[in-house]
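Two forms of a single protein chain come next, each set out by itself as structure tokens; they are called structure 1 and structure 2.
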Structure 1
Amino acid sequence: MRDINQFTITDAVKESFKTEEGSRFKFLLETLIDHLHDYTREVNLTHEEWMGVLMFLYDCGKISTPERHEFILLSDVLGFSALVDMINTRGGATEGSNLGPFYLDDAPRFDLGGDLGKGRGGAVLLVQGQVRDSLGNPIANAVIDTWQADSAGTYPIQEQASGQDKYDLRGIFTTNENGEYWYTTVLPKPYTVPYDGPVGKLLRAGNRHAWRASHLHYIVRAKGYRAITTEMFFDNTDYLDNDAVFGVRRSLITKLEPVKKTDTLPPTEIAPNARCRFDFVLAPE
């Protein structure tokens, strides 16, 4: 190793890891080393630039908490999250979209027809649909985990200092025997991704806006099927064509309609002003 140089160091680093031959870990690690070293040589990275990258990553870690994941946000704005979602959509399932930095895995459970809005201002939205398999069969007892921003474009988890409950506007529902789900909530507004940390500095340096199209987040699971993480967007709203985290897919856009007196609606705790429908498709494991 004493004769190492900028061209032989890549193989030396890979050989220093005693990973299992033919393993997925070996492939992932060695490919990462190859690309990282090739990039460094290609751009002739300076010491100042190298330290700048390390300090940026340090700052991402420093601002992150169990309730705010700056590295997920970084992945989102670089299109990395979206690319992983696209690659991993399988078997005719609903397309994946961003998890985002504010997911909590212990949201409260609600009965079908429950209300997530809890008296918040804004239009009351009825969300309904069905969970099916890739052959069109309904999936009973599918678990729908949802969370969102409010009518001002803010997640309650961002306002805990002012007394907001971090579990507001999030909940878990279970589909009925026909695979159906429905509930009411407030219609979310567009919002900017967190702009007060290192990722915000990156966006400003790149002259990029931080706005997200209004949306609802979902994780949908059922026994025997691949879980999906995705988002629902609303037609004819802002930022559908330039969402800051590249989360919008044509198949994830639904139509938003006013509720009419003649509409037949499922039973809900409170009367909605608007309605939308979105069906989820799960592929077998």
Structure 2
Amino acid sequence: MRDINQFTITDAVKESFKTEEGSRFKFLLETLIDHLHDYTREVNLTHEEWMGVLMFLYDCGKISTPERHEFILLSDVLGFSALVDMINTRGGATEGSNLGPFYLDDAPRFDLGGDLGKGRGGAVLLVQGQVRDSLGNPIANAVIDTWQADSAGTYPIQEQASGQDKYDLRGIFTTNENGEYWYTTVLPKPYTVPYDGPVGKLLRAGNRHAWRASHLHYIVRAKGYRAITTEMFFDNTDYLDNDAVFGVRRSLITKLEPVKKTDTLPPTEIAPNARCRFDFVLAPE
């Protein structure tokens, strides 16, 4: 390896790993090395720039905690998370969108028609829809796991220091025999992704804002189908065209409507004054 130079080094690095022939790991690692080296040669990276990147990654690690994943945020604002969601959306199924950092896998269960937003003020929103397969057949007993921000744009999990319950504004519903679900909650507001760390610095350096269009998060699961992680956006909200983490897709935008006296509504624990509809389509496993 004495005659190594800026062109032969790429193969030398790849060959230094003894990875299993034909394995996915080998493919991922070698392709990554190819692209990183190509990038470095293409931009003629200087020592200062290289050290800047390393210090930026160091700062991301330093600010990260189990509740604050700065690397996920970096992936989000670079569109990397959204790209992985897009690549992994199955034809015919509801498009995937950001998981975000606020999911808890043990949310409380609610009956259909239950209210997630108890006593929080703001508009009472009825969310209703159906879970179907790609042929349009309803899926009974599908599990809908949802979480969201409040009417001030804050997730209760972010406000535990001021006494909020991290399980507020999240819940699990099961679809009925017609694949239907419905519940009430508060209408969330747009909010900013955390921008007090290195990722915030990057956004400011690129003259970007940190706002997300207001949304509801969902993971929908059913036996025999691929689970989907997605978000639903409201048609009247800001940032639909410049969401900080590129989560919006046309197919994920729903119409927010006031409830009219003449509307026929499903039975709910409390009366809504706004409504929206969102159907989920699952592809087979």
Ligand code: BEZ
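Worth saying up front: this structure is predicted, and the values here are computed from it rather than measured. C-alpha atoms forming the largest set that superposes within 1.5 Å between two forms make up the rigid core. When a residue number appears, read it as a position in the sequence of structure 1, where counting begins at 1.
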Worksheet entry | Pair member that is the form predicted alone | 1
Worksheet item: Which item in Ala82, Leu32, Lys118, Ala123 lies at the hinge of the rigid-body motion between the two structures?
Response: Ala82
Discussion item. So the chain behaves as two rigid parts; what rotation angle in ° separates the smaller part's two orientations between the two structures?
Written reply: 10
Worksheet, complete the sentence: After superposing on the rigid core, the Cα of Leu54 moves between the two structures by an amount in angstrom of 3.7
Discussion item. Can you give me the Cα shift for Phe7 between the two structures? Core-superposed, in angstrom, one decimal please.
Written reply: 4.2
